[in-house]
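In the form predicted alone, a lone chain appears below as C-alpha cells.
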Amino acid sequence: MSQISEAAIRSVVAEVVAQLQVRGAAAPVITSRPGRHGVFGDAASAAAAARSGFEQLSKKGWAARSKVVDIVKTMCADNADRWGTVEFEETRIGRLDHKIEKLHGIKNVLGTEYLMPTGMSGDSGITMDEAAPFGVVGAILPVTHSVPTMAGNIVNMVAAGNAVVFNPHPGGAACAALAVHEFNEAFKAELGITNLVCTVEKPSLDSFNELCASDDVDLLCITGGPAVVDAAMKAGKRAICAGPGNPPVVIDDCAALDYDKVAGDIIFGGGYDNNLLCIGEKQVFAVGAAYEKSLKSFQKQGALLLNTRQVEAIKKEVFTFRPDDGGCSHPVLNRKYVGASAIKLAAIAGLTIDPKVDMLIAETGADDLLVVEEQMMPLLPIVRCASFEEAVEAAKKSEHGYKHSAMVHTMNVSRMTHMARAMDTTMFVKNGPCVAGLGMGGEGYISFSIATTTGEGITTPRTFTRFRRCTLVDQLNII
C-alpha cells in the first residue's frame, strides 16, 4: 500500500474543514485526490467542490477576485518554462518555445477592470446595471493549448465572480491537473479559498456528459472541436462555444504592399505553434501578380516550396479514410500530425530540411484538400486568383461559413471593407499576422476562447456574467 505524506493529509483535512465551514456541518464532505488540490476522480465531485469554491469566493468580494487574477498571471509568468515543458512533453504537439510564450501572454488577459457598472440618474431616481456571476462554469479544454486556455479562462471567469470546473482533453489532462493543484494551493495560502478551480483527473466523454448534467454547473464554456460543441449545445444549459475555424488570408495585387512583410506576417501567424491556433492562417489566396511576388517572398522569408510529388506524398499520409480514424466517408486529418513540425512533414516527402524552416508552402487549386480541410500544420496551400473578388469568394467558400477568422493584405481600403463584409467573421485582421487580432502586434487583448458558434466573440470577464438591474425610485438627484 502506498504511503500518504503527513503534508498531504494536512492538506486534505484543511480542505474538509473549509468545506464544512462554508456549507454547514451537515454538508457532505468532498475531498480531492490526496496531495492534489482540486483534482477529482469524477465530474460530479469536481463540480460540487467548485460550488463550494464559488460560495467561498462570494463571501470575500471583489478584492479576492482581483487577487486571484494577480496570482494566476504571476504564476503563469513564473512557471512558464516548467509548465510549458510539461505540456509539450505530454501532448507532443506544437512548439515548446510557443507553449512557453503563450503562458507569458496570460498577463494580457482582461480581469476585474473590465467589469464597470453603468448608472443612470434622473428625476425619477437612480438605476444601476451590474454584471453578476453565474456561479460555477463548466469548461472544456482543448489539447492544443491546455494550460494557457485554462489560465485565461480562470482569469476571465473568476474576475467575473465564478468558480470553474474543467474537463480537459484526455491528451492534456495531466498538465491541466498539475496547474489546477498549484493554482489552488496559492489561492488557499493567499485567500483561504479551497477548490476555486477543479478538474477531472481522467476526463472522458462520460465525465463531459456528467459535467453538462450536473446541477452544480450553471454555465458551459466549450473550447474544442465540432463534436464537443454540438454536444454542449444540446445539454440544456446556456453554452458559450468556441467552434471550428479554417481561416483564409487574401493577398491583393497592390504596388504599395511590402510583399516580404506580408510573407513574414503569414509565416509568423500561420506557423505559430505549428499552426495550432484556431485563428492561424490556413490557406492563402493571391490575386494576379501578387501570386508570383508572394511565392518569391515566402521563400525569401524562409518558407520551403514543395513540388507536386512532395505535396501529394504528404497529403496521402496526413489525410486518411481508414476505419481506425472513425470510418469517415471523406478524408480526415490523421491526428498524429496535428501540430507536427515542418521537419516532420517534409520527411514524409523524403526531404531533410533546415530546422530553422517554420513553414512549407504548396501551389494548389481552390478545391484542394489542404484548402478545404482545417489541417493545423505548418503547410500553407497557395491559390492563384484572377481578381480580388474571385479571391474573396474562394476564401469565403474555404471558410465554410464558420465566421471565425480571416486576414487580408491590401492598401486599398474599399477592398478591406468588401472582404470584411463578405466574410463576416468574428475576427478580421488587415495587414498583419493573425495574432495581431489578439494583441500580439496589434491593439487589443488576448483570449484563448473565441466564441464564434454562439456569438459572444473573443471572450472577456463580461462574457461570463449575467446582467442585474437595481432601481431606487425617488427624487434623489442633487443637481
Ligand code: NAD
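Start at 1 and count along the sequence shown; that's the residue number. All values derive from a computational prediction rather than experimental measurement.
The form predicted in complex with the ligand exists for this protein as well; it is not shown, and the discussion that follows is about that form.
Though the partner is left out of this view, Ser45 does not reach within 4.5 Å of the ligand in the model of the complex, counting heavy atoms only.
Using a 4.5 Å cutoff between non-hydrogen atoms, Cys278 counts as a contact of the ligand in the model of the complex. Put simply, Thr410 is far from the ligand in the model of the complex: not one heavy atom of it is within 4.5 Å. Contact annotation: Pro148 falls outside 4.5 Å of the ligand in the model of the complex, judged by heavy atom distances.
Checking 380 to 388, 120 to 128, 225 to 233, 189 to 197 against the ligand in the model of the complex, the stretch whose residues place heavy atoms within 4.5 Å of it is 225 to 233. Residue-level contacts in the model of the complex: of Asn153, Asn184, Thr144, Gln283, one residue has a heavy atom within 4.5 Å of the ligand, and it is Thr144. In terms of contact with the ligand in the model of the complex, the residue from His400, His104, Lys261, Arg335 that brings a heavy atom within 4.5 Å is Arg335.
Counting a residue when any of its non-hydrogen atoms is within 4.5 Å of the ligand in the model of the complex, the hits in 439 to 457 run Phe448, Ser449, Ile450, Thr452.
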